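As structure tokens, one chain now follows by itself in the form predicted alone.
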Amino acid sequence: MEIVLVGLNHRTATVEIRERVVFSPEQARRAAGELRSRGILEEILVLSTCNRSELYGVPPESASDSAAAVESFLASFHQFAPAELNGSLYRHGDRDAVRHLFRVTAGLDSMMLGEAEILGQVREAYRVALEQGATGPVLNRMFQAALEVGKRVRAETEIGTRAMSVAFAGVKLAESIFGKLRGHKALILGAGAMGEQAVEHMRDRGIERILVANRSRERGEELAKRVGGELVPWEGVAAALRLPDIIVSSIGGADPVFTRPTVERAMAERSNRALFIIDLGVPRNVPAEIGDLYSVYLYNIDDLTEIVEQNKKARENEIPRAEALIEEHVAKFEAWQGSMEATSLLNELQTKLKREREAFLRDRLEPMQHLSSADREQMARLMEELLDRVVIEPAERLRSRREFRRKLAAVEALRELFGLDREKP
């Protein structure tokens, strides 16, 4: 049961190549069908995200150099000349392929350490392959174990609990002040990418109302439409400060978006209700002195970047714990795989010995015409009982006792167990 993995990711391939190698759900189904129909792989799963495209498979026993065949298929499927992907692809087999997948679902192989989205992406890729009937016993077991690993790493370590982007760090700080964001309001100043990221994080946390203001009304309207917000005219920003609990500012230019007196008047109108300001502008959009006002909490991009760096170090400190969980599950999978292979070999041996028994009885009993039918049946039963002791009883012990599965994780151990080389019937 060989396992093959061929893929590329953000570490090995440029964004231009990654964009060309992305599989849509329909392409993933088509690729799986073609790989199976061509006899390259018996089991196949395609995992494709913005930062990786990977093909996991189990080739037929008769196949040779399956990884090379999968690489060639991948190049032709996406209309690359083979040489164009040189240096961009990686290949792993068996234990290394299993470990790689487990590290992916744990978030250790992501561009952002501990990324949470990858677990859902793996789950969806597995669902698509399962519905298509493209997976089998090996990949089913492997991907079920991978999803379990991903959940355990996130539950038993802190590798995914700390904010790793500036926008997310700002939103997490807002939660530390307001608790849950459900029922609160936010004002977004500017249509920058980081401001929009902050909006997405707040929407995920149930923010009640989003106001959007931008110097360019057209871009402001576009952002408001994308995030389900309401447009505030740029000239009406000062008056709107009495409404939000959170302000996210990402305006270009050196002029501040509002002054301390403006915020003081707004705070009086809002009865000094807490106001949280995330200043993502470079240069800063909000004068530092505004952070001195009562009930005003101001964080700029340097503050948030420092938090992200601290969180990155904290996450990195969790890597050994995550790796230990991964190795535990790799060993479990190998034990299962070894058990399956050992049991398969025992079944092959049993079939071979039964055939040999039939030939033996036929050859030896033919000259013994003096034996009755009852005598012949008795001899056949005795030989069958002997085969049961030689093969079936060891097979049962193998299935029921964990220490046997560990000892027989490599099929080579079976040869030693029976004192013979493996032979195909």
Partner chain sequence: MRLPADGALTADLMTTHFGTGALGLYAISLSLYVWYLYFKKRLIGRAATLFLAGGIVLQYFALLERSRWLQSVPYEDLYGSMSLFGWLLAVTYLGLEIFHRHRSVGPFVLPFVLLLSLLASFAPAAAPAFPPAHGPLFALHVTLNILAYAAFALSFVLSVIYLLQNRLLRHHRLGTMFWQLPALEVLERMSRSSVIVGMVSLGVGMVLGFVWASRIRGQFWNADAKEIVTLVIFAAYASYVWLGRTSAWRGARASRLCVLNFIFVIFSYTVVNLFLSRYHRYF
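Note that the rigid core is defined as the largest set of C-alphas that superpose within 1.5 Å between two forms. Numbering follows the first chain given and starts at 1. Since the structure is predicted, the reported quantities are computational estimates derived from the model, not experimental observations.
There is another form of the same protein, the form predicted together with its partner chain; it is not shown, and what comes next is about it.
Asks: How about residue 177: is it within 4.5 Å of its partner chain in the predicted complex, going by heavy atoms?
Replies: Yes, contact at 4.5 Å.
Asks: Would you please decide whether residue 215 lies within 4.5 angstroms of its partner chain in the predicted complex, comparing each non-hydrogen atom pair?
Replies: Residue 215 lies outside the contact set for its partner chain.
Asks: When the contact criterion is heavy atoms within 4.5 Å, does residue 287 count as touching its partner chain in the predicted complex?
Replies: Outside the cut-off, so no.
Asks: Test of understanding: in the predicted complex, would residue 265 fall inside 4.5 Å of its partner chain by heavy atoms?
Replies: Answer no; every heavy atom of residue 265 is more than 4.5 Å from its partner chain in the predicted complex.
Asks: Pick from 166 to 174, 121 to 129, 249 to 257, 351 to 359: which stretch has a heavy atom within 4.5 Å of its partner chain in the predicted complex?
Replies: Of the options, only 166 to 174 has residues within 4.5 Å of the partner.
Asks: Considering non-hydrogen atoms and a 4.5 Å limit, which listed residue (295, 76, 144, 305) is close to its partner chain in the predicted complex?
Replies: Answer to the contact question: 295.
Asks: Considering 328, 200, 84, 158, which brings a non-hydrogen atom within 4.5 Å of its partner chain in the predicted complex?
Replies: Spelling it out, the residue with a heavy atom inside the cut-off is 158.
Asks: Within 190 to 229, which residues come within 4.5 Å of its partner chain in the predicted complex, counting heavy atoms only?
Replies: Heavy-atom contacts within 4.5 Å come from no residue here.
Asks: Tell me whether residue 278 is among the residues that move between this form and the one not shown (Cα shift of 2 angstroms or more, core superposed).
Replies: Yes, residue 278 moves 2 Å or more.
Asks: With the core lined up, does the C-alpha of residue 87 move 2 Å or more between this form and the one not shown?
Replies: Superposed on the core, residue 87 moves its C-alpha less than 2 Å between this form and the one not shown.
Asks: Answer yes if the Cα of residue 153 shifts by 2 angstroms or more between this form and the one not shown on a rigid-core superposition, and no otherwise.
Replies: Residue 153: C-alpha displaced by less than 2 Å between this form and the one not shown.
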